[in-house]
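Listed next as C-alpha cells is one chain, alone, in the form predicted alone.
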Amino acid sequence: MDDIQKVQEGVFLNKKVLVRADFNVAIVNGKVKEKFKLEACKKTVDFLSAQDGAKIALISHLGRPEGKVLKEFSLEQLKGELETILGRKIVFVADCIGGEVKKALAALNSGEILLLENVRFHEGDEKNDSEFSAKLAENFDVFVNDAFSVCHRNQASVTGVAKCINGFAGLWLQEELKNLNCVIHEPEYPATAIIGGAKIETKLPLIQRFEKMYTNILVGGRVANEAIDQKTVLSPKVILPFDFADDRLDIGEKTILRFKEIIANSKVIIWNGPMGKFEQPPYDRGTREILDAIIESDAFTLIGGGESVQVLEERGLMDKISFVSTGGGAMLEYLSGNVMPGIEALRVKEKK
C-alpha cells in the first residue's frame, strides 16, 4: 500500500476535487437501506473540506441504468440522507459532466458539497471511454478514489479519470486495504474463512487461496451445493455442509453446530456471503446463527458483501464487527490476489 498516492500526501488548497464514492445502495419507498456506504466517505470529505478553498464534488453510480436517464436511479434521492450524514449542505447537479458542473463549482459556497448525477446515465462510464473520462476530469484539478467496492472495475469514473488528472486514495479506501492486507498477510491462527452466497466460479479461486493460508474454510449457500453437485476436489481444510434444511435452501442443524465450534476457537474470521436463502425465513437460520457465533467470538472479524452487510445493518450489529468492508466483488477479487485496476490507477507516478 506504500506505493499508492494517499490523500494525506496531496495539497488541495483552492483545488476542485472529484471524489469517487460508492452510493450504490438499496432505496425502498424513498428510504436508503444501506447508510453504511454513505457514511464511508465522511472522513475523506471532512479531510478535504478542512483545506482552504477546496471545492468537493461527489460522484457515484446507482443501479444499472445502462446509459439511460431514469428517475429511479437518480442520486438526487440521496441528497437529504447525505446532508444528515455529512453534516453539510449538499448541492445536487443534474449531470456529472459539462457546463452545469462548471457553473455549480463556481457558485459553490464554503462548507457546501456538490453531488453529481449518476455517472452511469452515460454509457461512457462502464465502457471506460477515454473521451468521457476527459469530460469527467475537465472541471477538476485532482481525483480522489474513496470507493473500494468498484476498484475491481476498469471504468471511466474509477480508472479513466485518473489518467487525466492526478489521483489519490481516500481515507476509507486506505482503511479497506489495511484491514484486508492484515487478514491476508498477517492472520493469527487458527484463522477461519466463511464463504457463502452463489456462483462457485467466482468463489472457487478464493477458497483455493485460503486453502494455502487459513486453518479452516467453511462453505455454505449455493456455493456449497454446486461444489457437492460438481464433485469439486477440495482440501481437507474445506468443510462443506453435511446436512441441510429443506431442498438445501439452508445449512442444517449439525452443520451449524460444527461451524459454530470452529468459529469459537478462531483468532481471525473472514465472512463473505450468506449460508442459505436468508431473505426467506426460515432459511435465514444458518446465516443468523453463524453471525451470532462470529459476534460472540474473541476473534478479529472482517465481513463484506452486500448480503452479509445487509444482515448486519438490519440487526443493528455493524459495531460488533472489527471491520466491515463495502466491497462484495471487490473484496473477493482482492482477497483472491487479482489485479485491481482502480488501485493500480493510483500507483505513485510522475505528477501530471
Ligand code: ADP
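A residue's number is simply how far along the shown sequence it sits, counting from 1. As the structure is a prediction and not an experimental result, all values here were calculated from the model.
What comes next is about the form predicted in complex with the named molecule, which does not appear here.
Only one of 182, 249, 191, 234 comes within 4.5 Å of the named molecule in the predicted bound form through a heavy atom, and that residue is 249.
Of the residues given (308, 325, 44, 60), 308 alone sits with a heavy atom within 4.5 Å of the named molecule in the predicted bound form.
The named molecule is not drawn, but in the predicted bound form it has a heavy atom within 4.5 Å of residue 279. In the predicted bound form, the named molecule sits beyond 4.5 Å of every heavy atom of residue 177. Contact check for residue 167: no non-hydrogen atom falls within 4.5 Å of the named molecule in the predicted bound form. In the predicted bound form, residue 272 approaches the named molecule with a heavy atom inside 4.5 Å. Listed stretches are 72 to 80, 249 to 257, 150 to 158, 102 to 110; the contact stretch with the named molecule in the predicted bound form is 249 to 257, by a heavy atom cutoff of 4.5 Å. Using a 4.5 Å cut-off to the named molecule in the predicted bound form, each of 198, 203 and 222 places a heavy atom inside that distance.
Annotation for 39 to 56: no interface residues with the named molecule in the predicted bound form [heavy atom within 4.5 Å].
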